Structures are given as C-alpha cells and as structure tokens.
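In structure tokens, one chain follows: the form predicted alone.
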Amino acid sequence: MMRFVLSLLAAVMLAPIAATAQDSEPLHIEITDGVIEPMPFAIAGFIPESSEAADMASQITQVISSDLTGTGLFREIPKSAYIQNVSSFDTPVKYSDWQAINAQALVVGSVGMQGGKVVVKFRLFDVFSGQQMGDGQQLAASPASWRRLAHKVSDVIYSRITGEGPYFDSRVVFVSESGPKDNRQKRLAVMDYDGANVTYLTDASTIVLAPRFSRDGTKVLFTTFETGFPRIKMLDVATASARLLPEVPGTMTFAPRFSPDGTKIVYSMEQNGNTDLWMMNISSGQTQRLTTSPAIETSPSFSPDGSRIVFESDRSGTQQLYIMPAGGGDATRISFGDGRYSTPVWSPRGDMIAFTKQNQGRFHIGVMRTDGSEERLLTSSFLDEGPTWSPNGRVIMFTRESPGAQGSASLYSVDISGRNLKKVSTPGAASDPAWSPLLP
C-alpha cells in the first residue's frame, strides 16, 4: 500500500555554472531565537522539456515554493517582478536582473519524462555573489512519486542555505478523528509532512492512540482498545498488516516506543494498580522491568544513541520528567519549573527534550536541555500536547484541541525558536502525530 517507487539518480551531477564573483560571503541564513526577516528568493519556473511534462513542472514548482516559504525563513518574489525570462535550463543567469529585484537566491530547474519516469534537474544560485551554490542535481521517480521529488529538491535548497538537516521528504502518522466530541471515531492515518497523500492504516472499529514510527519508518507501534483494554500493536506501514504484541494476562500495556535500533520497545504496563516501565525484545518477546516505583511511570522515549530513557513520573507528588539508563537504574529528575510536565520526547539531535507542560490552567509545548536547563515554552493554549520532532530536530508538531462541546483536535507545528506557529492541513480532526525519519 505504502510503497513509494523512487529511483534517485543523485549520482548524476550537473556541471556548475561558472562564477562571476568570488569575494562575497556565501549565502546563509543563521537561525536564531530572534525575529528573522525571510530571505527573498526566486524560482524561475521548472521548465517543462516536453508538453507532457508541463502540468508536472507547474505542480513541482508550487510544492517547492510551499516547502520553503512554509518554514518562515524564505519569501518568494512574485513572478510578475522578474526581469529575466529563463526559457531553458541552460539559459545563462543574468545576475544583475535578479539583484535588481533583491532576489538573494535563485532556483532554476527543468522537468522531463524519460523511460516512464519524471526527471527533475535543478541548480541553486547565490545572486549577490554571482555564483552557483554547489553542484546541480538530477533526480528521477515514477509519476506517482512526483511530490517526493519536489520535497527532495526543497531539502537540498534548504540545507545548502541554512546548514540545517533536511526534513521535507518525510511522513507523519497520526490519529484521524471524526464524529461528535463525546463519541469520537479514531483510526490511524499517514500523510506527507505537509498533509498531502493521506492514507488510512486502520478502520474506526476501535479506539487507537499514540502511534510511533520505528527509526527506519517501516513500522508503527500504537495502543489499541480492540480487546476492551489497552494493548500494544505493531503495524507494517507498507502492507497495513498489524499484530498484537505479547502481554501478561490481567495487565494493560500502552505508551510504546521503539529503541533506536528497532529491536526492542519500551512501554508502560499497569499491573495490580501499579504502572511501571518495561522493555520488550520484539523478536523473542522477552521482557525486562525497568522501574519499580509505586508511582505512575509512563511516556518513555529513548535518546538517539539508545543509552538513556526520558519518562514522566509522579513519584515526587506531581508529574515531572526523569532520565535513567536504558537498562533501568537510578533516575534523575530534570524538570523543576512550576506546573506539571508530561509526554517527553528526545530530539533526534540528542541535545534537547520536548515536552507538554500544564500550568495555571494553560497547556504548553516546551523544550529543555537534557539536564533540564534552558527551559523554553513555545506555545500556550487551552490544550496543547504530545510533541513530535521533525527528522532534523528543527520543528515540532503537536496536537491542539479547542474548547467546548464542539471543540476538536488539530495538528500544529512550530519552530524550536518559538517562531512560525501554523496549523497542519488534515482532512478532518487529527491528534497524536508522530514524525517519520527522512525517507530513503
């Protein structure tokens, strides 16, 4: 179901256009916590190399523009302002024409059809230094995967200008919701990071919660109530087939996450009124108890290297965040601000932890260093919860629920600087997002 046929010819490099100036500072956006003036850029259209590629070229151009402007770091200059008419991929760049309209970056590309595949070529130019930024690239994919081609082009442009890792060519699994607030129907769905290409993975016959991708993006863990009690299920994204994981009779299991190597899961198990963290080997089903506190321990998340686990616990009397070795042992509290902390998740970079905070009747998405320092709240609303990191650790997606009987859940994203808060497009109400790794 979810197989994306993508043949990347990334090894085919295009000769760089000769530079006309070498003494300017290279084009770069330094992302800080302050207000950033978006960089003006121009896309001189992805030129169709044949009539059959015309519509595809227009669509690819639109997706690239949306990817870049959607970061809040770039501002596209209207085509009506263009002076130079770029009629082919090999048209020499008249830098003075682009400097005159204050374009700092210029993208030139083409789209063709070859052997039943869409072939995209592109180059990126630093207008004011008068030189090409890196080599051009050529990518190819099946027509059905044209959006992935566009996202990959955007990723290269974004990374070359910002120095940050890519994240556009990724997916998000989430809980799609329908029906009244007191009788919600829920099913798992997966989509492109920007809300396109929604595919449903389960039906609405039972409640499903908290899906989580494996690091390779091929599997999803989630909590299901199909037996009447919470159980952990593992789903293959390509086939949508799923199986219940082993359980101890008379217990409830929930809040699972994969280990970075994909061989184990960490999860919560309620037994005899007590909730602790456990580890399970996926292939053997062998389990290991990680905590023995009389408190409620839940929402575990591995560090990227798999050596530590952050989790929430009320062992101090209120919900707080703790870190312990992945094999269990003494836990260290890292949250000390006012309010309650929950749903921690480790950044893929390993340097920060995102969390939900409840304080004085408001909910917030925040981030802190792994030692608890430099806590920053990024959002505030009636109900914000459940953060998930983009593959490059630059953006956080979360659930925001509106109040009242007619209130519903939506997905939002925000940069870790607190900038660029925006709603993510979904077909209807949505909650519990989990970002995939970058697609291969």
Partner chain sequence: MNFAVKAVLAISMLGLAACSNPDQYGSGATGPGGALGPGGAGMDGVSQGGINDPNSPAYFSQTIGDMVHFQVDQSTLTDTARGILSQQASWLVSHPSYTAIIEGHADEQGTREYNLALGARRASAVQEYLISQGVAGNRLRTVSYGKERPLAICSTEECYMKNRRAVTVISQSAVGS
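Residue numbers count along the first chain shown, from 1. Computed from a predicted model, the values in this text were never measured in an experiment.
What follows is about the form predicted together with the partner chain, which we do not show.
**Q** Can you pick out, from Ser241, Ser87, Asn272, Gln286, the residue that has a heavy atom within 4.5 Å of the partner chain in the predicted complex?
**A** It is Asn272.
**Q** Consider the chain as shown here, without its partner, and state which of Ser303, Asn281, Asn359, Thr251 has a heavy atom within 4.5 Å of the partner chain in the predicted complex.
**A** That would be Thr251.
**Q** With the cut-off set at 4.5 Å between non-hydrogen atoms, does Asp182 touch the partner chain in the predicted complex?
**A** Heavy-atom contact with the partner chain at 4.5 Å: present for Asp182.
**Q** Taking any heavy atom pair closer than or equal to 4.5 Å as contact, tell me whether Leu383 reaches the partner chain in the predicted complex.
**A** Within the cut-off, so yes.
**Q** Is there any non-hydrogen atom of Asp236 lying within 4.5 Å of the partner chain in the predicted complex?
**A** Residue-level check for Asp236: no, no contact with the partner chain.
**Q** For Pro294, is any heavy atom within 4.5 Å of the partner chain in the predicted complex, or not?
**A** Flag for Pro294 set to yes.
**Q** State yes only if every one of Pro78, Asp192 and Asn420 has a non-hydrogen atom within 4.5 Å of the partner chain in the predicted complex; otherwise state no.
**A** Spot residues vs the partner chain: no contact at all.
**Q** Tell me which stretch of 329-337, 142-150, 346-354, 252-260 has a heavy atom within 4.5 angstroms of the partner chain in the predicted complex.
**A** It is 252-260 that comes within 4.5 Å of the partner.
**Q** Heavy atom within 4.5 Å of the partner chain in the predicted complex: which residues of 293-331 meet that condition, in order?
**A** Stretch hits, in order: Pro294, Ala295, Ile296, Thr298, Ser299, Glu312, Asp314, Gln319.
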